[in-house]
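We begin with a single chain expressed as C-alpha cells, specifically the form predicted alone.
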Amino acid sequence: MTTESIPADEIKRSKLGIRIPPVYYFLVIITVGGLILDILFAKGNIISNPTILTNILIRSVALGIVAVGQTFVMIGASIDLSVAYTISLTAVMTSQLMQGDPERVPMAIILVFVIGAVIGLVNGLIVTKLNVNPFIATLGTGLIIAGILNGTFANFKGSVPKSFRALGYESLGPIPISIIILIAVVVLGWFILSWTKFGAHLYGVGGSRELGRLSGLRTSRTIIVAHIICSLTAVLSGLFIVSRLGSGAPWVGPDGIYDLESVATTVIGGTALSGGRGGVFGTLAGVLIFGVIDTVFNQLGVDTYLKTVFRGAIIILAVASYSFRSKREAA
C-alpha cells in the first residue's frame, strides 16, 4: 500500500505516535517539585513518608469518586453543580437514619442511593426536557437541597455505628478500604466509557447532541443516565465522608468545595467543557495533583491563599496546554 492510499489523518496519527495527555506531565512535575521541597525544608518527611503518602491518597478519595461522576456529565457536554449539596444530604441522612445502630446500615445506604438517583434524574430531566442550561439547572437543584438542609439541621445530627466507620479507617491487608473503593470506581468508570454502548453514545452526544439525535441516539436518555451516575458518585463520596466524621452536617459538602473542585480536576484531566472528550484516568491524575499540592503546602505551613493561587495557575496552564495541543494537531 502506498502512502498516497493512506488517509491524511492516519498519516498524522502515525507521526504523532503515542499521545500522553498533559495532565500526566503536570502530575510528574508537581510530585518532583514536592519531593524537592520535602528534601529541602522537611528532611524527607512528607511525600517520601509512606504514612503521609497514604494520607494523600485517602484525602483524594471523596473528591476522586465524585470527580469520576463529574467526568461522565462533562463528557456529555453537561455539568453538575449540585454534587456538594448531595454529599451533605447523604452525610446528614445517613447519620440520622443509622443513629449508631448497625442494623440500620443497609436500610440507610439503600435509601440515600435512591435519593441520589432521584436527584440525578431530576437534574437530567430539567436539562433535557425543560432545556435549562445545566449550569443553572444543577445550581438551582443544589440551592434547593441546601435550603432544605439548612432549614432542618443546624449542626451535626445522628451518628454512624463503629462498624460503618471501617469504610473510612480500616484496611484490607496494607491497602485502606477507601482507596480500594476509589480504584474500583475509576476502573468501573473507565470500563463503562470505553467498552459499553452507553459510553460510546455519551461521547457521541457530547461531541454534537444534534448530530447524535440525527444518528438515532437517544440523547436525552444518555444525558439523564450520566446525571444519575454523577449523583450516585456524590452519594458514595458522602458515605465515605460521614464514615470519617462519624456524623453528618449540612456544610460538609460545600466546605469541601466538591462542586467546583470536581469540575476543576476533571478539566485538568483533559475533559472538555464542550463535551465529547475526556476520561476518568486523566481526572484521577488531576485529583492527585490537588492532593499533592494540598499535602505539601499544609505540611510546610504555606499560606492557604498562596495554595489557592497555585491551584488556579495549574488549571489555567492545563487548559492552555490542551488548547495548544488541539491547535497543533489540527494544523
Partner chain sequence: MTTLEKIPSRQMTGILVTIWKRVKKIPPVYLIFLVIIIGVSYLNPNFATLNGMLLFLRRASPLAILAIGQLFVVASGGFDLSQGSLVTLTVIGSALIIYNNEENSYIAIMILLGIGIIIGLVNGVVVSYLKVPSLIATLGMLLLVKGGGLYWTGGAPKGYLTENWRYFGRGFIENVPVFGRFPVAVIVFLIVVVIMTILFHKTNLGKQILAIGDNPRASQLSGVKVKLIRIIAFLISAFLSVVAGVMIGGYGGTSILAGEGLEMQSVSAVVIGGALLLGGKGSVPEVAIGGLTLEAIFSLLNLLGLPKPYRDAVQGLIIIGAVAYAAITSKRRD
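Take the two forms, superpose them, and find the largest set of C-alpha atoms that agree within 1.5 Å; that set is the rigid core. Positions refer to the first chain, counted from 1. Source: prediction; values computed, not measured.
The form predicted together with its partner chain exists for this protein as well; it is not shown, and the discussion that follows is about that form.
Annotation: in the predicted complex, residues Ile36, Ile175 and Gly291 none come within 4.5 Å of its partner chain through any heavy atom.
Of the candidate stretches 88-96, 214-222, 252-260, 156-164, only 252-260 has residues with heavy atoms within 4.5 Å of its partner chain in the predicted complex.
At a distance threshold of 4.5 angstroms between non-hydrogen atoms, Thr152 is in contact with its partner chain in the predicted complex. Shown alone here, Gly147 lies within 4.5 Å of its partner chain in the predicted complex, counting heavy atoms only. Taking non-hydrogen atoms only, Ile241 never approaches its partner chain to within 4.5 angstroms in the predicted complex.
Using a 4.5 angstroms threshold between heavy atoms, Phe135 counts as touching its partner chain in the predicted complex. The single contact residue among Ile180, Leu143, Leu121, Val187, judged by any heavy atom lying within 4.5 Å of its partner chain in the predicted complex, is Leu143. Though its partner chain is absent from this view, in the predicted complex it lies within 4.5 Å of a heavy atom of just one residue from Val105, Leu111, Ile192, Leu139, which is Leu139. After superposition on the rigid core, the Cα of Leu306 moves by 2 Å or more between this form and the one not shown.
The pair Asp255 and Ile315 is at least 3 angstroms closer at the CA level in the predicted complex than in the present model. Distance between the C-alpha atoms of Val309 and Phe26: longer in the predicted complex than here (change of 3 Å or more).
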